[in-house]
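One chain follows as structure tokens, the form predicted alone.
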């Protein structure tokens, strides 16, 4: 069983779905710093996908700094180094802008968007079973 929940959906590339599932698992605490990351072959077998697809996800996760590769030992969830507030904001700003544009296109009121963000943020802090 994979340490991150993932039900593949048509539309988005599989490797990006894997990346997003791992990012979510790390953000919600399902996977923490130092946790062993499953082998490429294990993930590929579990999801029924090509190992090259999983390797592409691992490469992306490594580039994002979410996992670390230890030659001869495997992959582990990275121990994150604190990042300056400005750098965090710069990383998230394009996503926020896309969210704001989409919410305006949907006719969503500013207050409703803030409420939605608060509820979703709270959900991330809820313990997972």
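Positions refer to the first chain, counted from 1. These figures come from a predicted structure and were not determined experimentally.
Another form, the form predicted together with the DNA, is not on view; read the next lines as being about it.
- Proximity to the DNA in the predicted complex, defined as a heavy atom within 4.5 Å, singles out one entry of 74, 33, 29, 65, which is 74.
- A residue is said to contact a partner when one of its heavy atoms sits within 4.5 Å of a partner heavy atom; residue 92 fails this definition for the DNA in the predicted complex, lying far away.
- For residue 58, a non-hydrogen atom is located within 4.5 Å of the DNA in the predicted complex, even though that partner is not displayed.
- Contact annotation for residue 88: none of its heavy atoms lies within 4.5 Å of the DNA in the predicted complex.
- Under a 4.5 angstroms non-hydrogen atom cutoff, the DNA in the predicted complex lacks residue 115 among its neighbouring residues.
- Shown here without the DNA, the chain has 12, 13, 14, 15 in 1-25 lying with a heavy atom within 4.5 Å of that partner in the predicted complex.
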